[in-house]
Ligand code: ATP
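Consider the single chain below, provided in structure tokens and representing the form predicted alone.
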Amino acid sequence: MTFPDRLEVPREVLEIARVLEEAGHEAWCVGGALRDTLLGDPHSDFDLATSARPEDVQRLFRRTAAIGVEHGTVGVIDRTRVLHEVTTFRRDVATDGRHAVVEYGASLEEDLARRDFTINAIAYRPLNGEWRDLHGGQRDLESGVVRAVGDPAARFREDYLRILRAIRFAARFGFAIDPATWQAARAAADGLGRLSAERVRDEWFKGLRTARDLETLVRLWRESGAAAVWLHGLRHEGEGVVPPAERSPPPRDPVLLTALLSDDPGDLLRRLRASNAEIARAEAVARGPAEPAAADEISVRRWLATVGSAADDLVALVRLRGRAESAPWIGTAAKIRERGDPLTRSDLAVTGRDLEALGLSGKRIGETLAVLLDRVLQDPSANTRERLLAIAREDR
């Protein structure tokens, strides 16, 4: 792999770089967008690193957002209302493995030296086409290696999240992790417990969405020791629960895959501080039942009524496990839902007030509605006001 003479950079990014350079500051493209573009997979926004201090950036541009100004990052909003991150060259002066105290006045070389991996420590100056690769990032992109910048143990002590990032990049690009980097990552795994649940959740979700091979992702989480710290109950990839890439191409649904890969996905997501909606969804999938007792319409309607909103996820899991061909009930469920067969009490042609008019009250109303729903699950044509009221009278 050789660096191109010129890299195609969005016009808005060039304009920001030009303003900074004309004011006497350096402006370099850095980060994931540069890496992905070199790999032929451009998909993320270009970030800029600059010698300008945050207050200089805020002064030079009319519209900015202080998205991380305490760490040197200012969001510059272009004329199309897109935000671009512009970060001052920094060096770390202290870190606790989660947060770093930084100081400005650093050079580009110092800024690149504090980055996590060589493939992320490449810089490109868009106004003159200059490249800066002090740590062999080009070589590692070509060889397919995730390698820490400098001393791996020091890089992980600075931020333990880098262990999970190494795993994610390896699984996403199909790269190997440099042996010294991997050894240091495993040795530092206990430090993952210092991270916030939110940061770990974001890495787990990103990994699930982007991994070229989910089996590799799960294996690396387990072998690194990260799963033992955060993903209790993660199933072993050898149990056949990890779907091949062709059945689950990226981007993927991380909640659904967590339900597939975990014995207790609700508990796992609760520890990762997922949203209430994500936790409830995972718990509904885990409750199941995973499939109907039989493939006939009555059994499938009963199953649909039981699992409710989890039906789509449960069908998706059957497909991910590669068992759709041996599950004829999936087609039956699709026909039932397409017809709009009644499946819930709210679908019934009578309400609790109708039953009150018959003289029913209290829990007897709920019991009768359950009887009526069971009847229409057996025979949807029974869902008329007249027939249901007649059944209710018989059941009194």
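So that there is no doubt, residue numbering starts at 1 and follows the sequence shown. Remember, it's a predicted structure, so these values are computed and weren't measured experimentally.
Separately, the form predicted in complex with the ligand exists; it is not shown, and the next lines address it.
Only one of 318-326, 279-287, 130-138, 158-166 places residue heavy atoms within 4.5 angstroms of the ligand in the predicted complex, namely 158-166. Remark: all three candidate residues (31, 35 and 114) come within 4.5 Å of the ligand in the predicted complex, counting heavy atoms only. When the ligand is considered in the predicted complex, residue 172 lines it closely, a heavy atom lying within 4.5 Å. Although the partner is absent here, residue 120 is a contact residue: one of its heavy atoms lies within 4.5 angstroms of the ligand in the predicted complex.
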